[in-house]
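Only one chain is shown below, in structure tokens, and it's the form predicted alone.
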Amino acid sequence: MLLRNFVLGAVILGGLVGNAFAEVEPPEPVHPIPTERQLAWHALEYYGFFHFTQNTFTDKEWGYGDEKPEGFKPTACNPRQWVEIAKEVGMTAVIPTCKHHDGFCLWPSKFTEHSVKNSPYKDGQGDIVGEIAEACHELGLKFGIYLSPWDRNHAEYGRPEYIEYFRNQLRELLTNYGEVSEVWFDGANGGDGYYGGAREERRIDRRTYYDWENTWAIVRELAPNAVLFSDVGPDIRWVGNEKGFAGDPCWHTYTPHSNEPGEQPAPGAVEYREGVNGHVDGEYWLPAEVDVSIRPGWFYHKDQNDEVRSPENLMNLYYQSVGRGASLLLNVPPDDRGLIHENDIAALRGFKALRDAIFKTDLALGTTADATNVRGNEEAFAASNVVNGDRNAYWATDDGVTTGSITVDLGKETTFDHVVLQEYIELGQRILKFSVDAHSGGEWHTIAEGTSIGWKRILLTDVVTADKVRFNVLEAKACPTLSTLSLYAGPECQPQ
């Protein structure tokens, strides 16, 4: 089946780390659950896209495919600078557009002449993909690849011969550049193009042309730890928009549906808007990735230098993506010099400064917590696990207990306006509805409500001053788990 979840490892039984010494068995998983590679991806949260190709020099978004390699001529190209900036501003990984729809390759592929090897860059001796990969491995960032399935340059696109070419290039990228963490397949496929001089329109059957199962299998063989992205996964899904937000709720579980009744869904042939929220009863663990650009376009355009998103705008995107359980893939397009532009760098640094200021101190860390029910009255599942700073330790209730509360005693009047929650998702996404209360003036007041939590939920509240906080599970699929309850004070809480 096209959409099978490719779960190749053993099922993860929760509690093997933080609850290793429990005499009471951990809860049974509520399926679907994440694989090891998906768990590693969840932890990345915020990483970068680098859109760079002939379009950077032709001032286009989609190249036609007839651009000459001679036109690729950055004047001061330094891919290491891209990666250094990414690390400085807190990104955990980067993904370059190794080949966009125009078919031009940023590495010296032996399967085409349409690449950097025939460009002025380093007199044809350059390898931008290689330079990015080397910098990532040296600086400790994960390295991913974007390889466009559509190729408006290749003469055989739309025919069986192109699939062999496409897979050969995929193998090159997966074997020549070290560990790959993500493989990104675009849903834009088929249409007009140069196609080796034919200059015509070529349509494909998006469901069958790429033989996706066997194409994905190449990644599983050569990069077993890499997650696969597309409209239908099989590891992570497109969120369904390029505006920078996930839905509320945004469930990690999802069942892709075809945009044509009776057909199988496939990349570019799916009811993609459903990806915004996912499905509470989804068949697959397919969490959402939010891809958005720091500029109006995906590629650099000089006339957009004054339209770079502000740090405050980027912070809002963060709340609407990472804060709703998705990841944030932020595109930062290198300019026609081959450098990250100064305006983009300033915005990224400002964004990091905001995050650092807000999330510097967890006001709930190390406080005391009690719960209405603790699994087997076992310390390993105690409420105190949610305020000990260890995501692998968690609170859980007895089987059959699907509601309950944790009360955190802050020990003093504490002012905050951010509440961060995390489920122990190794056992599945279990909580369906929750609320958060604050105790002030001798009374309890509800300050937040929601449905999905999953990997992470960041709740923005009014400025609250309280001596206790209470987390309430109002509905759950099975006995709930919670690994983190953190409180933070944003700028509105600081003395003016």
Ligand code: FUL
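No experiment lies behind these values; they were computed from the predicted model shown. The numbering used is simple: start at 1 and walk along the sequence shown.
There is another form of this protein, the form predicted in complex with the named molecule, and it is not shown here; the text below is about that form.
S.K.: Quick check on this chain: which one of W251, W298, Y194, Y121 has a heavy atom within 4.5 Å of the named molecule in the predicted bound form?
M.R.: The option sitting close enough to the partner is W298.
S.K.: Of the residues E378, D336, D186, D398, which one places a heavy atom within 4.5 Å of the named molecule in the predicted bound form?
M.R.: Looking at E378, D336, D186, D398 one by one, just D186 meets the 4.5 Å heavy-atom criterion.
S.K.: Taking 4.5 angstroms as the heavy atom distance cut-off, pick the stretch from 370 to 378, 353 to 361, 281 to 289, 99 to 107 that is near the named molecule in the predicted bound form.
M.R.: Going by heavy atoms within 4.5 Å, the stretch is 99 to 107.
S.K.: Although the partner isn't part of this model, could you tell me whether E242 comes within 4.5 Å of the named molecule in the predicted bound form, counting any heavy atom of the residue?
M.R.: So E242 counts as contacting the named molecule.
S.K.: Does the named molecule come within 4.5 Å of any heavy atom of R430 in the predicted bound form?
M.R.: Flag for R430 set to no.
S.K.: Whether H51 contacts the named molecule in the predicted bound form should be assessed with a 4.5 Å heavy atom distance threshold; does it?
M.R.: Because a heavy atom of H51 falls inside 4.5 Å of the named molecule in the predicted bound form, the answer is yes.
S.K.: Give a yes/no on whether W444 approaches the named molecule to within 4.5 Å in the predicted bound form, heavy atoms considered.
M.R.: No, no contact at 4.5 Å.
S.K.: Which residues in 62 to 81 have a heavy atom within 4.5 Å of the named molecule in the predicted bound form?
M.R.: Result: W62 alone.
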